[in-house]
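Read the single chain below, which is given as structure tokens and is the form predicted alone.
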């Protein structure tokens, strides 16, 4: 049975629970003009500033802050974000062109930043870290943050913050919590200063230097945007049903099991199918974790899982659940996946369903770039959870838009194959040779499932016989991206190439 961390105390701060060295409570200044803010905090050229992406496609805070910084002639900043999405990408691109920012550290980017990187328009290579790797680097001092800018949907006059109240509520502040704990200065940016003390506190005011009041931090309708998507595809249904059947044949869906699924379409469908099995068989799981959706909060309400551990809320129902349910827990990126945190949630996972852009003959997973080399995704927490989970299954269609997703070697290694146990596609299921124990467990599986088992190299040949061998762009250009594994080692690089743009 999976051992769980104790439940959070009612209204306790997740940040306070992880640190025993909180400073004395001193109320931060409440500020309503950028001139006043920058006269109160210490900011200078060359500093590292950080942001989180919980508002995802609706974020406006990055743009507001960078514009205010640029107006003061500050240059050469290192932009460190848990991810860059939506309007934030355009704001960062503009700041790069103006020289306000000189380099980027993140887990993923979207356009127009993707093309800027591949064209070699950024002087320094972009450093891509996993969510757990980023938390580790901040904790160890490898990634020292000078100023953390925290988008908060609510703040009170003591400087306490959360993401669960107010017109712009978005839910968990999990990715920001590590930044707040270790940053030299912390600036909250909010559009909701409450007259009464907050009843739910994510970040205590003792950690905050200033609270900046703005008209809007963003559009919370965008928190479900980006990689999160539903599907009605017949191919996706085949993959999801095969994954469900595998889990059942392996005995993974059992009393008190723990589970996480990625944000991809197939992963979400697998969650729906597994829930139906649990409901039918009366199975109760211990916890589900990661980015939390309505699907998972419904399972919590129904009692199919006892707890949810939430590093990022993907919709407003999840945000509301976090605010009111004592079994829905806000967790930091450190508690989620920092490899140096012995009790991290990733290590307690029984099953991880992994979304992937590509998989290769060695079971390496690429979630960052396409076959053509373009940056289309992020490292996210996939490498962290794949390493921690007892069973990791990568799910993906064998072909996307006539381009194969299975290759002799992936374009960019993000999750090493030693941590991927099974690959499931509509054209076959491949077991990692490192997990021959799984083949023994499947010896008595249904004949139809057994017929779907195929060596990975045979599966690749089968797919390429249909699509033809893809053309792979050259990797001879200068290095424009560095892909770090969760322990800080370089696992791959991304090269500039005119063919990508």
Partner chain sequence: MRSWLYVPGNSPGKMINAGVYGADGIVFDLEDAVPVESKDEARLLTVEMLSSVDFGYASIAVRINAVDTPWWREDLSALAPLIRSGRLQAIRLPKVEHVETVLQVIDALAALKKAAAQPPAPAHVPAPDPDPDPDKYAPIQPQVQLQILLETPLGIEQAFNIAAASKRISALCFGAEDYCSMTGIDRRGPAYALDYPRSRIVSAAAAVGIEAYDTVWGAYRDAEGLKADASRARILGFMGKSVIHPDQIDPVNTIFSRTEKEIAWAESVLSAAGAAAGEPEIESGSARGVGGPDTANTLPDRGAFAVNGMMVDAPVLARAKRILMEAAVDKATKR
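Residue numbers count along the first chain shown, from 1. Here the structure is a predicted model, which means the values were calculated and not measured.
As for the form predicted in complex with the partner chain, it is not shown, yet the points below apply to it.
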property	result
Option touching the partner chain, based on a heavy atom within 4.5 Å in the predicted bound form, out of 281, 402, 97, 72	402
Proximity to the partner chain in the predicted bound form, single hit among 343, 234, 141, 197 (heavy atom within 4.5 Å)	234
Residue contact check: residue 426 to the partner chain in the predicted bound form, 4.5 Å heavy atom	yes
The partner chain contact in the predicted bound form: residue 451, any heavy atom under 4.5 Å	yes
Contact label in the predicted bound form: residue 361 to the partner chain, heavy atom within 4.5 Å	no
4.5 Å heavy atom contact, residue 466 to the partner chain in the predicted bound form	yes
Proximity to the partner chain in the predicted bound form (heavy atom, within 4.5 Å), stretch among 306-314, 133-141, 364-372, 235-243	235-243
